[in-house]
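First, one chain by itself in structure tokens, the form predicted on its own.
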Amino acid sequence: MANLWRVYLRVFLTFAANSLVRDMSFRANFLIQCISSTSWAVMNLGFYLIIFVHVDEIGPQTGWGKYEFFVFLGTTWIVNSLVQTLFMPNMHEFSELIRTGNLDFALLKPIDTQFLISFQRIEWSSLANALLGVVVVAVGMHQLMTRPEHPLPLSAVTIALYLFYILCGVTILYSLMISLASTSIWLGRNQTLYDFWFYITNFSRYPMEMYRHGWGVVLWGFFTFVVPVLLVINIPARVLARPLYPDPSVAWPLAAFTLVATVGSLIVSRAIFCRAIGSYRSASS
């Protein structure tokens, strides 16, 4: 088993190195992509800075003040950037592999097909937003830790939990993405489903307290317990900026449920992928 893990790690590192060489062959394009993505993020940050000139919190009595929300915003960029770097280009290519028949060659290779399809291309320029997200999180945490009233404590355990739940969030989004991409085998080109993925993940970009009023409770329940995208950003951001143990509205059971949701998402997405591959017929057949 250890040897198998080493083989897959070596294959992944090979994919990453080849992708980096390809990107560095066109440095100007790489820099333009980095500047474009970070420019959008900076404008988004400016928008929220304007909002916090007029309000103290995002929503009444939510606890997401200016710097807490900036930790949330930075976490959003980190998670989405990792997903876009590792998986987005590969999911876009999946339907083309089916249409052109090149999926046949992937199935013939002596390696897990889902692994091969998911990691064969790394979009390094998308990491620019992750670096900007780290800066925003660091600035927000510095302000929270040095505020005169109730400075926020920070420990190595908190940082470890934050990184762990970021990994959980990336896994949940990947599971949703590979599930939607797998439907290409039945539907052919499914650009509409990719749009559907973006519509769903938009709900994860805001604190879950925004949905816990009126009919929004239905959205909160659905996107927390059925399609758990609200857990993707909220849990790691809470662990860091608003530790769960003093928060009466969200207790540790929700953080524990995130683990269940992560494992469940992986299992369901794997089942959908295997079912789809089982239905695949060669382009030449």
Partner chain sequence: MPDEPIIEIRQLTKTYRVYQKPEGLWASVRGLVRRRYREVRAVRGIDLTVEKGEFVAFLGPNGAGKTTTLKLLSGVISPTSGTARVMGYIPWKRENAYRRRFALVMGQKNQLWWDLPAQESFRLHRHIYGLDEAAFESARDELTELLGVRHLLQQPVRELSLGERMKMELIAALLHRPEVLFLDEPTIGLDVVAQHNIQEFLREYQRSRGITILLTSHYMKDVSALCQRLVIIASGGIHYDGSLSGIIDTFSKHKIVTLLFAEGSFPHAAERVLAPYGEVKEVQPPRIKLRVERTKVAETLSALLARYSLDDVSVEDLPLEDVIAQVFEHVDHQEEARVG
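Positions refer to the first chain, counted from 1. Since the structure is predicted, the reported quantities are computational estimates derived from the model, not experimental observations.
Omitted here: the form predicted in complex with its partner chain. The next part is about that form.
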Options 74 to 82, 175 to 183, 155 to 163, 115 to 123; stretch whose heavy atom lies within 4.5 Å of its partner chain in the predicted complex: 115 to 123
Contact of Met145 with its partner chain in the predicted complex (heavy atom, 4.5 Å): no
Contact of Pro110 with its partner chain in the predicted complex (heavy atom, 4.5 Å): yes
Partner proximity in the predicted complex: Gly101 to its partner chain, non-hydrogen atom cutoff 4.5 Å: yes
Any non-hydrogen atom of Phe26 within 4.5 angstroms of its partner chain in the predicted complex: yes
All of Phe15, Gly278 and Ser282 with a heavy atom within 4.5 Å of its partner chain in the predicted complex: yes
Sequence-ordered residues of 9 to 26 touching its partner chain in the predicted complex, heavy atom within 4.5 Å: Arg10, Val11, Thr14, Phe15, Asn18, Ser19, Val21, Arg22, Phe26
